[in-house]
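Okay, so here's just one chain, in C-alpha cells, the form predicted on its own.
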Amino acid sequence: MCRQTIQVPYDFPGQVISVISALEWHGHEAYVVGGAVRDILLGKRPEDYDVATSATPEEVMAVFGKKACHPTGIAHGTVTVVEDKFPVEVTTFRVDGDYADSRHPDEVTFTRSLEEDVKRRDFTINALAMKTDGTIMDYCGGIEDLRNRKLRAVGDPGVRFEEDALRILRALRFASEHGFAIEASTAREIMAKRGLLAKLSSERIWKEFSKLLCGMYCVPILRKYFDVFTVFIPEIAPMRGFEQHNPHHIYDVWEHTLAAVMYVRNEPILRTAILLHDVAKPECFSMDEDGVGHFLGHQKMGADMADGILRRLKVDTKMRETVVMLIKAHDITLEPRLRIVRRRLAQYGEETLRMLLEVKRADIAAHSVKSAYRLKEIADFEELLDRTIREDLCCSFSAMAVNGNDLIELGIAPGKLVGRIKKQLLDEIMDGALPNEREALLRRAKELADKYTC
C-alpha cells in the first residue's frame, strides 16, 4: 500500500520521457527511481536517471529493439537503452535473494509490483518512484524522512547491511554530504555490522570514502563513526585520545586532525592529506625532561604510512604521490622571502605549492594560539608567490634567458660542466644576485667556466 503520493513538477530530459512513454505505450509500468528522485526533492539536478519497469528484460528489448539496447546487467534485470545518444538504465521490478558475497544477490526474482521492488532498496530516501507527470510514489516513508533530514534503512537495517556492506559507507556518505541524522536502529547496525566492510574491494571502499571525506558535514561523521573507519584504515586507531603534551596543541592527535579537516577545502587530495598528515605521531612520540611532547620524524614516517594506506585502497598513482608529498612537506618552513618562494616554486611547481600552502594553513589553524603567527607567514609567502607568478620571475631552467647550447657556443665543454654552470646561474637568479638577462648570464657563465676549469 502506498504510504504517500505527492506531485512535484519537474522537467525531465526528453530521452527519459521517451523511454518511459514507450514502455507505457506497450502496457508496462515505468518510473524514474532511486537517487534521481531523492536529488529532485533536494533541489538538485540528477547526474543520471534510472528507470524501473514492470517489463521483463526481454520485453524491454522488444520495445526498443536490439540496436538500442545493451544488456549491461541482464542477470539482475538491467538493460541500458540508448535514446538519442542518451543512455538510460532500465531495470525490471525485482525481489532479491540472498547475498552470499555481501555485494550481489545470488539470484533475483522478477515481479510486476513496484512496491515489492522499492522495499528491497537500501534507504527510504532512495525508495521513491516518480512518474513523468511529477507524481512521486512513496511506500517506505522516504518523503517524510527527507523533510526531517533523516537517514533510515528500508526494513531491518541489519539485513540491509548484510546484503551489501557498502551500504554502511553509503549511509555515512549521505550523512556527510547532506547533514542527515542517521536513525537510531540504522546507526546501531552500522556499528554492529562494520566488520563486513572487510569483505569489500578496496576500489568500492575508496569510491565512497573519498566522497564522504569531501562532505560538508564529514567531521561529525568521522568523529562519531571512528570505529567504522578503522576497519579499512587501522593505522588511524592510535590517533584518537593520544595527547600531544605540547603548548602548540590544544587537542589530541585525532581531534587536531578533525579540526584541520574543517579548515581545508573539500577537495579529495587536500582532505586525504589532512586526514593522514599526523598519522605517525603516536609512533614518533617522545617527551623531554620538561614534560613537553615531540614527534621527531613524523612527517617522513607519516608519508610512508600514507603511501601504504593509499596503495592498499588502490588510489590512483598521481593522487597518491601528491598526498604523500604534501604529508612529507607539511611541516617545512616557508619563510616569506622572495628567494625562498622562488626555490620552493622551482621545487614543487605552482599547483602543488599552492596545495601545500592550503594544507599548512589548515594544520596551523588547528593548533593553539601560540602558532597563530605562522598564519601571517603563510599569507606573506602566498603574496610573494602571487608576485612571482604575476611578474613571471625565473624559477626554472626553461625560463632562463640562456640555454645549454648558448653555453656550449661560449666554448664550455658539453656534459657535466654545462649542467653545473646552468644550476649555479639559476641559483643566483633566484637569489636575486643575477638578472635573468642574456648578456649578464653569458658573462657570468664565462667567469664560472674559468673558475671551474682552472
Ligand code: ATP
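The structure presented is a predicted model; accordingly, all values stated were derived computationally and were not measured. Sequential numbering from 1, following the sequence displayed.
One more form of this protein exists, namely the form predicted together with adenosine-5'-triphosphate (ATP); it is left out here, but the text below deals with it.
A.B. asks: Heavy atom to heavy atom, is N126 within 4.5 Å of adenosine-5'-triphosphate (ATP) in the predicted bound form?
C.D. replies: Yes, contact at 4.5 Å.
A.B. asks: Using 4.5 Å between non-hydrogen atoms, is G35 touching adenosine-5'-triphosphate (ATP) in the predicted bound form?
C.D. replies: It does: once adenosine-5'-triphosphate (ATP) is placed as it appears in the predicted bound form, G35 has a heavy atom within 4.5 Å of it.
A.B. asks: With the partner left out here, check for me: in the predicted bound form, does some heavy atom of D39 sit within 4.5 Å of adenosine-5'-triphosphate (ATP)?
C.D. replies: Answer yes; at least one heavy atom of D39 falls within 4.5 Å of adenosine-5'-triphosphate (ATP) in the predicted bound form.
A.B. asks: Is D122 one of the residues lying within 4.5 Å of adenosine-5'-triphosphate (ATP) in the predicted bound form, judged by heavy atom distances?
C.D. replies: Yes, D122 lies within 4.5 Å of adenosine-5'-triphosphate (ATP) in the predicted bound form.
A.B. asks: Just to confirm, with a 4.5 Å cut-off on non-hydrogen atoms, which of E183, E83, D164, D307 contacts adenosine-5'-triphosphate (ATP) in the predicted bound form?
C.D. replies: Looking at the other structure, the residue within range turns out to be D164.
A.B. asks: Which listed residue (R320, K211, R240, K150) meets the criterion of a heavy atom within 4.5 Å of adenosine-5'-triphosphate (ATP) in the predicted bound form?
C.D. replies: Exactly one listed residue reaches within 4.5 Å, namely K211.
A.B. asks: Tell me which of 351 to 359, 258 to 266, 273 to 281, 172 to 180 has residues with heavy atoms within 4.5 angstroms of adenosine-5'-triphosphate (ATP) in the predicted bound form?
C.D. replies: Of the options given, it is 172 to 180.
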